[in-house]
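Presented below, as structure tokens, is a lone chain in the form predicted on its own.
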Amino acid sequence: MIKAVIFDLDGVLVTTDELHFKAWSSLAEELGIKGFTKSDNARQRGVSRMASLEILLEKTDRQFTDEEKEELAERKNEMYIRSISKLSKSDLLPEAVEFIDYIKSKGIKTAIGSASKNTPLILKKTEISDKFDAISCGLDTVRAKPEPDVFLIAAKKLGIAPECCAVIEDSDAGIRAAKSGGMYAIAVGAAEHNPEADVSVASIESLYKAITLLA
């Protein structure tokens, strides 16, 4: 029986893919890196900031020290933070708030499990911080998806066993993380056709039935 739903943030409740793409593209231009595409940006979905940087650096033969990489990742993040500072509740995906409220009305606990260290800021800007019983993000763990840590931390904060948690994810890395953590995995959006998922839906509007099937 499902007692908690753990939501990924980007791509599930709010989409910031375009903002990430613009920030990474700006960094690529600064470094003289060509050929960074939206397909590359899609590979960055759900993984850590440093892992995302490595995807960008695949496009160049230049070598960077660990310290330089940290500086590059921070530079990108500064550009990204400037853009998300303009986010508002209107940037939430359709039915996001309604579905969260539906989950809570059924007595099911809710949490965020996101790789992003900017999770608290995004939740504040979109005015949904108070919708969740627990928040687990990149500030809580150094091991990003596909490692299950961020979801296991969310379950621990909720006080609910992993096998009683369902994770809603739009990334393949997130689906692997959920399954690795012993949780139900619901794939939505970009991860809809992931074969590892227990349930797959096209959009958040279809999640009502998915939760009913697992509850």
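Residues carry their position along the shown sequence, with the first being 1. Bear in mind the structure is a predicted one, so any value in this text is a computation, not a measurement.
One more form of this protein should be noted, the form predicted in complex with a small molecule, which is absent from this view; the next part is about it.
- Which one, 87 to 95, 73 to 81, 125 to 133, 100 to 108, holds residues whose non-hydrogen atoms are within 4.5 Å of the small molecule in the predicted bound form? Looking at the other structure, the answer is 73 to 81.
- Just one of 164, 190, 47, 31 has a heavy atom within 4.5 Å of the small molecule in the predicted bound form. Which one? So the residue touching the small molecule in the predicted bound form, by this definition, is 47.
- Query: Can you check whether residue 115 is within 4.5 Å of the small molecule in the predicted bound form, heavy atom basis?
  - Reply: Residue 115 belongs to the contact set for the small molecule.
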